[in-house]
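What follows are structure tokens for two forms of the same protein chain, given separately as structure 1 and structure 2.
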Structure 1
């Protein structure tokens, strides 16, 4: 039974259809608002705007719920397999044993870069930001795969393009790490699984293969799973926006990398480590950091805290905190930054400023500490986030791509500039 809301403006009353989601969340369909009333909806930063309906990921920010294709993320914890979750997000269901084996084989086959791609790394300065390299090299990859620039409705081509992207971003990430340190590239080892191969390409040396620790491999699978999708966040909305123009999958994901780089988004995991390190080096006490974060005259934010959607504990942060404890116990490791993080969390969770605003740790608060424990340097943290998020971007791009009658995304604005004025010739302008 269709449901409607009633809107009356300037003496005119219209009916707005109500769109209801699977879990009961509701939206007002304003697709005819401007035609019927001449008014636009006004929602800067889209905090109250649903850009689409989607079947991929469900978040309940008040209850701290996150589900991939209906499966709660907590259920991936006991047997974390990032490639399996990538398949789930992209194809909408868990793969059979044979389907997973075939998809994994595609990833293995696609792991090496075209030798021509390697020369692009030489063109970057050794201190080039890895996220700049990642974004550039995803577009560069499409130059070697022209057949994937137009996927049309060819499912086989899409599957191969998705596998190629997921596999090669891992190699690109490892090569950017090695290039920055003047180390020789290590080729992917076809005998290794996805996460193990990444660790191998980052840390092995010729004649000295990195020994894969299964517990660290499991931890990395789970970390990537927890980053894999998060409905219409900034970078995913960017991918969908770019894809709505019928831009190809590679260009759309390269745009997603650029959005994710922002310190308010995926770049926060780098900011968290720098914040913790600054405290450790004696710059500021945890109490002083919280005071800075609360000071409205100071642009500083408590990085790794707060979220547009979660007004409860980010379920990923809870799981990453447990991964952190497990990895540290397994490695018998101590890290003063972890102690500082725990102190900051303890203080913030009982500070009225954070409690009133429902600011809790988010996915970025603990992830960097775990990467650091594994040996991943700070400048690679957001690249690791991008590797994890790529399957979600691909799934969301495909959902947008397959929309029947899908239109190019083109928000409107309320103009607040000069109403009307004339051009002033140079000889009439002030000196």
Structure 2
């Protein structure tokens, strides 16, 4: 039986259909609100607006739940395989052994960049932001793959386009790293797996190939998995909005990179690391830091705690905390920033101010520290985030692309500017 909610406005009563998700969440269908009442729904930042229905990712922020295609995120921890999760997100199910092998082979085959692409890197200043390079080069890649600009309903062509983009984006990332440091490009090695190949292209030197540590490779796989999709966040919503105009996959994902660049989104782990570094250099104790964070008159901001969605412990942060401990133990190294992070977390989890406000560590709190331990520089953190998020963007683009009767995204606004006014000729304006 259909369910409805009743809304009364200006003495007129209408019925709004209730939409229920498979996990029990409910929403009000207001698609005809303006037609029926003349009113718009006003929701800045879309905090209470569902822009779509999706089968990809489920989040319950109150309970700290994250699932990919119904699978709890924690179940990927013991044997992390980013390529397998990418397949799951994009195609809606776990691959068979043969399907995973074929998809992995596609990634290997697509890893090299066209030689003409290398000239584009030479045109960027050596201090160009890596995220700017990534967005530009994803768009440039479409120039070398014009056959994928119009995918239609061709599943084989879509699969190849997805594999090409996922594979080449790590080569683009590695080349941008080496370009900024004046280092020669390193070609992908077809013998290596996805994450191992990325590490090889970033860190190998001529006649001195980077030795792939399986524990570091596993850590990078898990980081990418934990960033692979996260429902309708800023960058994902951007990809879907651009895609709603029937823009191609490359253009839509390039737009996602630009949205991810923001410090309130993909750049948040950079803010965390810079904060920890400032705390260390400033000689502040963790107790002093928390006191500053609670002082409303103090401009200090504590990054890495709290989340727009999670009102419980971010499940990704729990997993990354364990990965962080394993990586540092395996590498037998110390880092004062990790010590500060550990103490901040310990104190915050017992502090009534943070507990009452449900300000728990989020995924950004530990990801930057792990990248730092691996040797990834701060200006590459968001690039690494983008590599991990790409399968989610592709899955979301495909889901939106396949909608029957899908419409271009077109939010409305409540105009708050000057009312009717007249044009004043130049000779009559004040001098």
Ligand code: SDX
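Since we're looking at a predicted model, the values are computed, not measured. Residue numbers count along the first chain shown, from 1. Note that the rigid core is defined as the largest set of C-alphas that superpose within 1.5 Å between two forms.
- Between the two displayed forms of this chain, it is structure 2 that matches the form predicted alone.
- With the core held fixed, residue 283 shows a CA shift of 2 Å or greater between structures 1 and 2.
- When the rigid core is held fixed, the Cα atom of residue 296 travels 2 angstroms or more between structures 1 and 2.
- In the core-superposed comparison between structures 1 and 2, the C-alpha atom of residue 345 has shifted by at least 2 angstroms.
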